[in-house]
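One chain follows as structure tokens, the form predicted alone.
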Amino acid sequence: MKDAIAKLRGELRGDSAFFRHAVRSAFAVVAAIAAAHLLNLHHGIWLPITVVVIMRPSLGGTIRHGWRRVLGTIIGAGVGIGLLITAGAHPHVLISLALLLFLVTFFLKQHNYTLFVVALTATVVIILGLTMPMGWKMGLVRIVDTLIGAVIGLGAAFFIWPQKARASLKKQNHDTLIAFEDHLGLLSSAYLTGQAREGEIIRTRIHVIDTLTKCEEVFFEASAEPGIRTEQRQALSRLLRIFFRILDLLTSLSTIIRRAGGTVLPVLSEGTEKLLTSTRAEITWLAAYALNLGDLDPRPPRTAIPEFLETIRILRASGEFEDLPLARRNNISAFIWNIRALGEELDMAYERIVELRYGRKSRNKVF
């Protein structure tokens, strides 16, 4: 309880995103209730419900969620009205459809929010149509109330302490790259020592997935905000795909480590350690660059990979690998391929971050 109170006090400040969101939501809900009374709406409760549902801490999140709510409500109400008009003479059919849509609603909630709203709205309209005379008109009422609530919520998001998702892009990129570096650090240690600490590796992988999921949401919210150009949206989409490919490569490296069956070959230990250390250093540098910490050291040179490949070539020519089992040689090859691919993805991530910061043609900062 003390920790909860301390955390609450820590958020009671003007620059807190949570505090601003609470203030915006409070004003919007009060405005929605007042509008319901002034317009004498019989089902005015849908106004504040819409406000609470669509509002998010960021402007982009509110726009994105509000748009999906309105679109889903219009389509769902249309479906419900259509079913009531065409099958109104057969209540048993409508009851069956309502039950089916109700089950579909629970399934869609975890998969697609827009379709979830479509199914939920259609179910509500059918139920109202079965219990009220001319109940199909409630579908139109729900559309109107949702539109009014969405306008109020969006107005609050635009004009009351607006918080743009764009402002958190730098930090989100930094946090995602740092999560990658932490995970790669554990994988590197496990590969070099032959001691895979599965518990810690799983923990850092879960942290990477959670961070990347949050990154995806921030990117989508930023893309929905006004003022974002088409090329910037494209750069965000490309950068997000790069991050997911990096996650796939790190997952592959984890599999390679488990299949290694022991420590790295003595003749490759120095080169392998240098290769992994340089890759981690590049991720750390890129994370600092994404956050724009000011003057940074030059980007780490990409010499470890060609040097390691040259070592492999010399050892192969001297017959060092002749006695190795095929599975071990394939494992080494897979490790090299993954590290090279990881370096290429980091290069592309750097290009996308530069593009987001300066744009394609102008050197003026956009984020």
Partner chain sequence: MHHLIRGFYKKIIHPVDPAFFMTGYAVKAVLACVVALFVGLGLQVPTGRLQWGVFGAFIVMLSRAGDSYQERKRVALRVIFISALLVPLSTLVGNTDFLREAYVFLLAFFAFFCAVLGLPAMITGLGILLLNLFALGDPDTLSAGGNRALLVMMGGVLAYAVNFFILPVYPRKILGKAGRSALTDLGDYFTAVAARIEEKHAPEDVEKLQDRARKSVRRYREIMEAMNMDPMAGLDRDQGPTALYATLVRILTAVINLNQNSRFDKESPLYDGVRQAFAAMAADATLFFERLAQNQSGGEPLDPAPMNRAVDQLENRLLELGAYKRGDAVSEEFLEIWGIVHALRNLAQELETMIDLRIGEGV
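Positions refer to the first chain, counted from 1. Because the structure is predicted, anything quoted here is derived from the model rather than measured. Think of the rigid core as the biggest set of C-alphas that the two forms share within 1.5 Å after superposition.
The same protein also has a form predicted together with its partner chain, omitted here; what follows describes it.
Taking the partner from the other structure, its partner chain in the predicted complex has a heavy atom within 4.5 Å of a heavy atom of residue 111. Within 4.5 Å of any heavy atom of its partner chain in the predicted complex lies no heavy atom of residue 321. The shortest heavy atom separation between residue 220 and its partner chain in the predicted complex exceeds 4.5 Å. Within 4.5 Å of some heavy atom of its partner chain in the predicted complex lies at least one heavy atom of residue 37. Proximity to its partner chain in the predicted complex, taken as heavy atoms within 4.5 Å, picks out 241 to 249 from the listed stretches 241 to 249, 77 to 85, 165 to 173, 226 to 234.
Site annotation in the predicted complex: the residue of 315, 33, 41, 336 reaching within 4.5 Å of its partner chain with a heavy atom is 33. Of the residues given (267, 71, 288, 209), 209 alone sits with a heavy atom within 4.5 Å of its partner chain in the predicted complex. Residues 8, 11, 12, 18, 19, 21, 22, 23, 25, 26, 27, 29, 30, 33, 34, 37 are the members of 8 to 40 with a non-hydrogen atom no more than 4.5 angstroms from its partner chain in the predicted complex.
After superposing the rigid core, the C-alpha of residue 313 moves by less than 2 Å between the shown form and the other one. Superposition on the rigid core between the shown form and the other one places the CA atom of residue 44 2 Å or more away from its counterpart.
With the core held fixed, the Cα of residue 128 is displaced between the shown form and the other one by 2 Å or more.
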